[in-house]
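Taking the form predicted alone, here's one chain by itself in structure tokens.
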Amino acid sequence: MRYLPIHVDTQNARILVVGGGAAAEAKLRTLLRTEAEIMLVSKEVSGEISRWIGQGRIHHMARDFHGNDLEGVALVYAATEDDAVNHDIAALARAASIPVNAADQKDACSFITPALVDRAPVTISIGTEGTSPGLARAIKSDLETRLPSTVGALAIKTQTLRAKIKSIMPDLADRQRFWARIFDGKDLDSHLKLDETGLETRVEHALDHPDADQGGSVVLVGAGPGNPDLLTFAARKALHSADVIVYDRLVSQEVLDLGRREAEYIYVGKQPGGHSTRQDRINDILIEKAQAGLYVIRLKSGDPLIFGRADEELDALEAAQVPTSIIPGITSAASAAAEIGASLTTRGKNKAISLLTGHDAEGFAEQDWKSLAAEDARAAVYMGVGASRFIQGRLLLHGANHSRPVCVVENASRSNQIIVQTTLGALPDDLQARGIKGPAILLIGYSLRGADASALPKVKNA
């Protein structure tokens, strides 16, 4: 993120706009919604700007720009129809340490103006860092249809109620949990349908029933394969509400970014061959936080019920009488299959698929190798990269064909995804050659769609 989105206080501020044509008019349409004093310098102005001047909304100086026009201003908009003039004004403003925007000259700007959805005091800023104003306008248009005009009044009512809640609950953490009960436990549509009376009724009910839903709880949430677009709606809602997020090594930063900034984030990753958080310690963390009255998210890569040791955590939480629920996620095998364009089950080829782990508590995991070596057998192997030579040996020993296709997908669905098409006979060597270290899914018996397996390239960067 190159441009930090911030909201500037315009109350009692003076903003200078230089220019009187179309560029200046576009800037002024937004600036006139603020509480700032607008200063305009330009010999000539458009008809619309002239109307605003006549209404007394703009202080107009009908002359060329002077350097001393910068004195006492908070922001500068260089919006003449001459790029060279705008560039010079921007340079003077930056030299005076005044934030400046130069029309259509991104490199001359110290800030850029986003597209705005205005439901004051609720405002939504949409920026593309100057790369695509058209896209920003399209997003703005969509959001404007979703947000009713009453949202601003609802926000003002909330401000009034916040003062009341602060007097009742001096502790910040208590207030944050209270407002989470009011706003985070329901979908957005239910909030947007509220009027001021409805909001006050909801707040009063929560105050009258302080023990309702106040006990802590734990939700096991599937973070999916890493692409935040593949996160379920229920998982997103849980992250938005969480007081504590306990997460694994394979959970992507993009998914973590969906959590509340105020939440406590606790890393409990298990690093193969490196530092790992013991499972009993993870169980203790979940119980301690929930018993403190907090809403705890146990965030696991993929689906929490597939090789996620969920039973151990559920048993511990049940023994401690901690309310627990589960939000499943898209497992990595399904994501990997989608990336290679393959159905995990195909009529006439395989009636089942085995989901296997390459490792267990004893080391390399033993499986029913005879069944897996059958010609029509299909398998998705988790944590199988380090065990690839072991898996290869066991399958070949039980009669599997050297030429059986194997498709390996590392970081399925993510921007750094790599797909390796190989065979059982070449599997470990090809993984080593490509530097595949995981997380990766080994899809045994599967090939990339779109070409004869024998003609497929050995590697593909997605």
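Quick note: we count residues from 1 along the sequence shown, nothing fancier. Just so we're clear, the structure is a prediction, and the values are computed from it rather than from any experiment.
Here the subject shifts to the form predicted in complex with a small molecule, a form of this protein not shown in this document.
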Given that the partner is absent here, state which listed stretch (28 to 36, 403 to 411, 63 to 71, 50 to 58) has heavy atoms within 4.5 Å of the small molecule in the predicted bound form. 403 to 411
With a 4.5 Å heavy atom cut-off, would you call Ala90 a contact of the small molecule in the predicted bound form? no
Is Ala310 near the small molecule? Define near as a heavy atom within 4.5 Å, in the predicted bound form. no
Can you tell me if Ile444 lies within 4.5 angstroms of the small molecule in the predicted bound form, counting non-hydrogen atoms only? no
is_contact(Val18, the small molecule) in the predicted bound form, heavy atom dist at most 4.5 Å: no
If we test each of Leu250, Leu258, Ala374, Ala365 for a heavy atom within 4.5 Å of the small molecule in the predicted bound form, the one that passes is Leu250
May I ask you to choose, among Leu161, Ala290, Met383, Ala238, the residue with a heavy atom within 4.5 Å of the small molecule in the predicted bound form? Met383
